[in-house]
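Only one chain is shown below, in structure tokens, and it's the form predicted alone.
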């Protein structure tokens, strides 16, 4: 994927597809970046009421000449409500239309209310590049070629007025998101704890990262019994993987990212119904996101130390599987009574969070496809946020707002709910039932975060997988949360 920054004007007409992003209420004069004859044809289509420039809307107008083959109008929405993410979606819309026509090149033109090409700020440039990269994404590794399929990702995008450095940053970030989606989309017979470790080791080698891996014998010696217990039913033993990016220059701080890495979740002995096992290859999405995030931090050469930690396991009902009524001692010494082996993710996170807390990062963030309760509460396009630090929570929510990903903060101050995770036989119980289930899961995790450690828990259940394409997500794994985490890290790094 190659980006160019032309001077605009007639140069934008030299691509296969010309994409023009417009605000609601635009007029014929706002089509001035187009060749005059083309502008008349496009306005004729617009005047038929086919396009109002609402956010996410588009109009494709074929042209008779060789270049551009067509014009794609992409709606930005109302100017006063537009955020950087609107530009990402508009760029995606134009580049996707080009990809669906096997066009190898596209111009992406953002205009002001008077139809003048705008000079981007850094964030808009990142978003436009991201939209173009995401437009070329489909996971079709295991499908035979379809001769009737006209889809082909664009090779070159001209973005007049853009910041060239920020375009490259946006390309790296969204390429990292696509990489995480590829990994999350891989089925359980391809990615298990062993092959996930291989991916982590290759990432460390490619980007000069430090890597530490604890296999079952080391986990046992360290007392990481929660992670060990979840993985005992599988033929492939669990492991804890820790990657670290350290900047060559002075670091401006430390962020530790912890991702849930269940490569497939059958529910264990508390086995899931058959329909509920479908898409459980995506239960490793949190791990995929943090692995991609540390990779991106290294590619961007950020002046910030970033740790990515994941306990990787497969939750299976084998002869060695852990059972309801088991009592497990976690890495930090706390004991856990098991009443549901399908509440396994929080057990792997318990050991990983306790381990990450020892690093004493400035911010500790975990991300996990954790609870169906969160999906019921917030739907499949909004994720839950929980925190023990109000200012840290506000900082992350601001990054999420800029990224376009929807997070909603849920409370952790209900002492009546907190009582539900108490166990008569151990320090805590691993599942407190359906009501308030996302909150009690977060309360459970807090037991394994060192006191005084600023911490955020992100529950991306349901948002991790798109059942149907929407916005700039194709069907399948979304790597939801990646943009917000990178946005948060960029802000911390002063970028």
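Residue numbers count along the first chain shown, from 1. What you see is a predicted model; the values in this text were computed from it and never measured.
FYI, the form predicted in complex with a small molecule isn't displayed, but the following is about it.
- The small molecule in the predicted bound form comes within 4.5 Å of no heavy atom belonging to residue 362.
- Using a 4.5 angstroms threshold between heavy atoms, residue 372 counts as touching the small molecule in the predicted bound form.
- In the predicted bound form, the small molecule sits within 4.5 Å of a heavy atom of residue 462.
- Although the partner is absent here, residue 246 sits far enough away that none of its heavy atoms falls within 4.5 Å of the small molecule in the predicted bound form.
- From the list 195-203, 280-288, 305-313, 141-149, the contact stretch for the small molecule in the predicted bound form under a 4.5 Å heavy atom rule is 280-288.
- The partner is absent here; in the predicted bound form, the one residue of 173, 330, 84, 343 having a heavy atom within 4.5 Å of the small molecule is 343.
- Note on contacts: among 96, 260, 126, 181, the single residue with a heavy atom within 4.5 Å of the small molecule in the predicted bound form is 260.
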